[in-house]
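Only one chain is given next, in structure tokens, and it is the form predicted alone.
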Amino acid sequence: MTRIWLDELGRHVGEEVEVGGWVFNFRSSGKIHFIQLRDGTARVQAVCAEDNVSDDVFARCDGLALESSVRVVGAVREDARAPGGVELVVKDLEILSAALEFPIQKKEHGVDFLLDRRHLWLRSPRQEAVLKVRSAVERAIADFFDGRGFVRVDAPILTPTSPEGTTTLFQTDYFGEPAFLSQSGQLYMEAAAAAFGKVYCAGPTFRAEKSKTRRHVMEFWMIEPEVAFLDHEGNISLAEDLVSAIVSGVLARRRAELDVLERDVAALERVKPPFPRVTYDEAHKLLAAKGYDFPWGGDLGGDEQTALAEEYDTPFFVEKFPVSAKAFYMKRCEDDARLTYSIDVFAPEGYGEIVGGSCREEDLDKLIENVAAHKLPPEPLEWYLDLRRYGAVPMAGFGLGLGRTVMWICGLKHIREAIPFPRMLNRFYP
């Protein structure tokens, strides 16, 4: 007897197999029970006919509760009407665990109700589709960097300071010393790039922002490449190539899931380099023309990002932000010291920033001045300053927000669906 997963059934037509799964739907015509099974890889209909099985097996199949777990032995037969083109003719069925009445039914539930039961909500077709797309995004990222000779280097989660300032840090005690949950692995990637040339990290980052927007969570995953000897133009090319590779990877592997989500695939098929580019100054003028009272020197907020996105049907760059809007490590433009060699990539359709990056300041004296200007304590950054004392080179990189990228690709209304177990303001259960 061959034990297989449901997505393998098509290769075993005419054979008797054993499968395991959960019941996600059940109906009966009296003499025939129709059991819908899922096992995470696929969904299939198992048909239990009264004249094909023993009385005990037929009775066990009768009225199976949703989400009961079962082991089924049956014959695989072709059925052009069935998803995947096959169904399972039940020969034997064992109930591994009879479920209680499942709390999530086929009706409208409030968001809080569903988030309180996120551990069960994950089993729904829509959430399954979203998280399979997320997995495909992560795979596309790994394939992209592996194909370009990058080394993955894991950054620490507990850090002595932050590259993004100190106002949104989660602080904890580290044996009597203050420590903070990482906001970014970027500083550590600079150290790694000085060792390996081309590196990236992928992991959780944390922002203690008291924000309730649809684009924000307190804990999110970031993908952060860093490359030695890379300039501004090279950083732009790397970012648009990565975003394009992610989208093409999802289209290649998860079209069925995008169909479940009713995503406009044509919008994703337009994502190809090069992306449109505007400078911060051009964006500022465009916002003024649209009636926005947006002060020069500020960072682009959600409303401004959405307004700019109205001009494009693909991801687009805003480049060369003012010094006042960006972090201490960003390199200033040679032709205008008010500006930095920085980039943001904004998704179309109002999904906001998905990439933020820059060239890094390699001059030690200038970097020390920047640390002081941003009122950062220098002691925790001594190791970072060392990178400028021992063979500093031009360097650039960026961070890509995984959740927000998934949110855009899937066409979700809120980022909470793009993360298996979201951590939001006033919510970290379950």
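Don't overthink the numbering: it's just position in the shown sequence, from 1. Just so you know, these numbers come straight off a predicted model, no measurement behind them.
The form predicted in complex with a small molecule exists for this protein as well; it is not shown, and the discussion that follows is about that form.
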If you check in the predicted complex, do 207, 224 and 399 all have a non-hydrogen atom within 4.5 Å of the small molecule?
yes
Although the small molecule is absent from this view, report whether residue 17 comes within 4.5 Å of it in the predicted complex, heavy atoms only.
no
Does at least one non-hydrogen atom of residue 415 fall within 4.5 angstroms of the small molecule in the predicted complex?
yes
Please tell me whether any heavy atom belonging to residue 357 falls inside 4.5 Å of a heavy atom of the small molecule, as the geometry stands in the predicted complex.
yes
Indicate whether residue 404 is a 4.5 Å heavy atom neighbour of the small molecule in the predicted complex.
yes
In the predicted complex, segment of 243 to 251, 153 to 161, 210 to 218, 98 to 106 with a heavy atom within 4.5 Å of the small molecule:
210 to 218
Partner-free chain; cross-checking the small molecule in the predicted complex, the single residue of 188, 329, 317, 341 with a heavy atom within 4.5 Å is 329
Pick from 138, 353, 128, 281: which residue has any heavy atom within 4.5 angstroms of the small molecule in the predicted complex?
353
